[in-house]
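Just the one chain here, the form predicted alone, laid out as structure tokens.
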């Protein structure tokens, strides 16, 4: 494993490039990354590979969108690249513009270049304004715009982030073309650090869990590990394991911190229940909303129950 950089050495952070992407905007919200080296990469696998190989201190990747749900390529990478931990998250409001080469008119557009996620979030607008348009997928929102100028795309226009004209000589044909004005993308900061961020009371724990077998009640059994401890889930999505049809792993975000007694007890239950539990990390929630739960799941309740059991096993005298 490569040696860790000295404390005073600049740190490197990988993000989906090129410059101007929503991921770069997210990286700008990561306080410890400010003033450090920002390394644009081509895909999520490369970003996480940089972290595993020690080329970067951390990577920022998109993990969930409020419109499209989980980002499957990121979820699958975290499931299959051991040694990674999520140490933080940030939220970025998402909107889009339609851009084209200078002099292009909206009525001239017949083919649109767009990242598949961005295209999915703008398809109602595109279908209404350009009902016969075709779509060419792009590797990123910025790459979609850049391809209009570098000769790599035959598209007439591209879906891109606002402010793209600050980086490229393009005309904005339309603004606010996103179908949902409240769309938000959640990004996570991924590192190799085994140091868990301190508990804040507004935390999230991310996991990947496999069911022990494919039979009636298995999914319920997994969910009961959380519900019986008063742990709420903000995300649960299934992803195919890939070794056979019908075999799935579950990507889970649970509200709480591993140092919370109820969360720790739920993790112990999962470990007994599942053949494979991947702990991705406990970290402060981006929205800083305190986790709400019933008082019967307070830390003191779990501690008292363990003390009671210890007393029974040690034959301590009963209290009067």
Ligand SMILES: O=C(O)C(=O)C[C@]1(C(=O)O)C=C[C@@H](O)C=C1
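Residue numbers count along the first chain shown, from 1. This one's a predicted model, so the numbers in the text were calculated from it and none came from an experiment.
What follows is about the form predicted together with the named molecule, which we do not show.
- Residue 14 falls outside the set of residues with a heavy atom inside 4.5 Å of the named molecule in the model of the complex.
- When the named molecule is considered in the model of the complex, residue 141 lines it closely, a heavy atom lying within 4.5 Å.
- The named molecule is not drawn, but in the model of the complex it has a heavy atom within 4.5 Å of residue 121.
- Looking at residue 146, you'd find every heavy atom of it more than 4.5 angstroms from the named molecule in the model of the complex.
- Stretch 58-66 is the contacting one of 262-270, 284-292, 249-257, 58-66, since its residues have non-hydrogen atoms within 4.5 Å of the named molecule in the model of the complex.
- Only one of the listed residues (75, 185, 191, 225) places a non-hydrogen atom within 4.5 angstroms of the named molecule in the model of the complex, and that residue is 185.
- For the candidate set 94, 100, 231, 211, a heavy atom within 4.5 Å of the named molecule in the model of the complex is found for exactly one residue, namely 94.
- Contact residues in stretch 101-119 (any heavy atom within 4.5 Å of the named molecule, taken in the model of the complex) are 115, 117, 118.
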